[in-house]
Each structure stands twice: as structure tokens, then as C-alpha cells.
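Below sits a lone chain in C-alpha cells, taken as the form predicted on its own.
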Amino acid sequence: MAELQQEAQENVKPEKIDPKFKYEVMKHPGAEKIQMCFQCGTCTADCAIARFSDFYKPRKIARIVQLGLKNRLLGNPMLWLCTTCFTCVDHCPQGVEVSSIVRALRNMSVGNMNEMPFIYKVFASNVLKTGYVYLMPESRLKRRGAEGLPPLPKSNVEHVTKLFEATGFLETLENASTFKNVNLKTGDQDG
């Protein structure tokens, strides 16, 4: 038993703490209140994903940000498990927007790691092509007309392209690698 404990201690590498990390996160809209989280656990108790994942616990994510453990979060595929249902936000007694913090961490991850889930890249590419996330098949458009429904509104793809270019997202979208799945228990991803 003592040998196992000693071996475990020898294999543990200290993590680098970045005391400025929480301030980087706080620069993102909605993430300004991260320091107000006092770890009550209401967000995690109400989270639809937390009960299925060993890592994805909103309270844990907030604490990791507060502690400055940047490397534990940025690039972690578990961040993409958040469904942005905002239940955590609705029930937080401090008004901490954990889902916005997760969104900020996702954006920072894509910026630092240049990687995103495959489906996000597909959806963003669709928005760039058509202005809409979902590509409407021609057969459905015809069926809408046959049912007497009005045509779908036209989007201005030029404006979308300008927005993607101005924010630097066009380059990110073109260069980002992707992963398909995230294992709920381990956080491993499938390429």
C-alpha cells in the first residue's frame, strides 16, 4: 500500500498556476463575475451534463479558473459538452454565468489550440455559405412552396463573410483541426 502511494506521488507533476488567467477569462462578455462564485454547487446540481461526466462539473470549472489552472482547461474537449441550457445561470445565487465562462473558455481554446468539434466547424461553414446553420435541401424548399408557406428569408452572405473576416474567425475556421466525439468519463476525443 505504501509503495502505491509513493509511486502515485512520484508520478504527480505540479501544475503551473497562472494568476492572471481568471482576468483573461473575465474580459469575455458574461464571464465578468467568475470571482463571485463561492462554490455552493447549485450549478453542478442542476447541470444536465454533470451527472454523466466525471470532469464536466460547472462548479469545478469555475474553481479551476479561479485557481489559475489554465492548462487544465484550455484545449480540454470536455468544455464542448456544455449544452448552453443556462440552467446553471438561472439558479446561481451570485449571478455567475457559468455557461458564458465555458463559452469564453471554448473561444480561448480554439484561439490557443486551433481545434474545435467537427460539428461546430460544419455549422460555422454553413453559416458562411448560406447565412444559416442548417443547409435546407432543395426538396424541402419545394415542399414548403407546395404547402403554401412563404419563402425563407434571404441572408446576406457578404455581411456574414465580412463579420467572419473582421473577427478573425474566417482564418480560424479555415485552419482549425477537428475532433468528432468526446468521451464523457475520460474526456478523450475521437479524431
Partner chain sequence: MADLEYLFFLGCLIPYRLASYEVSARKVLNKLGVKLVEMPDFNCCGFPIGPVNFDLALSLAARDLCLAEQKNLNILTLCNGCFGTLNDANKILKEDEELRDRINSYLQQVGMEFKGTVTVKHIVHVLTEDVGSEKLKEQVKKPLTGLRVAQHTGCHLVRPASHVGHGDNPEDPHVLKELIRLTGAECVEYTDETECCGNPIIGVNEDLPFEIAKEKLDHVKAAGAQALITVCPACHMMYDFNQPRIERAFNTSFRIPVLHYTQLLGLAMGFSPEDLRLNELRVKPTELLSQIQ
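Positions refer to the first chain, counted from 1. Just so it is clear, the model here is predicted, and its values are computed rather than measured.
Another form, the form predicted in complex with its partner chain, is not on view; read the next lines as being about it.
Taking the partner from elsewhere, Met36 is found to have every heavy atom lying beyond 4.5 Å of its partner chain in the model of the complex.
The shortest heavy atom separation between Asn114 and its partner chain in the model of the complex exceeds 4.5 Å. Remark: Leu149 counts among the residues lining its partner chain in the model of the complex, judged by a heavy atom distance of 4.5 Å or less. A residue is said to contact a partner when one of its heavy atoms sits within 4.5 Å of a partner heavy atom; Arg103 meets this definition for its partner chain in the model of the complex. Using a 4.5 Å cut-off on any heavy atom, the residues of 69 to 84 that reach its partner chain in the model of the complex are, in sequence order, Trp80, Leu81, Cys82, Thr83, Thr84.
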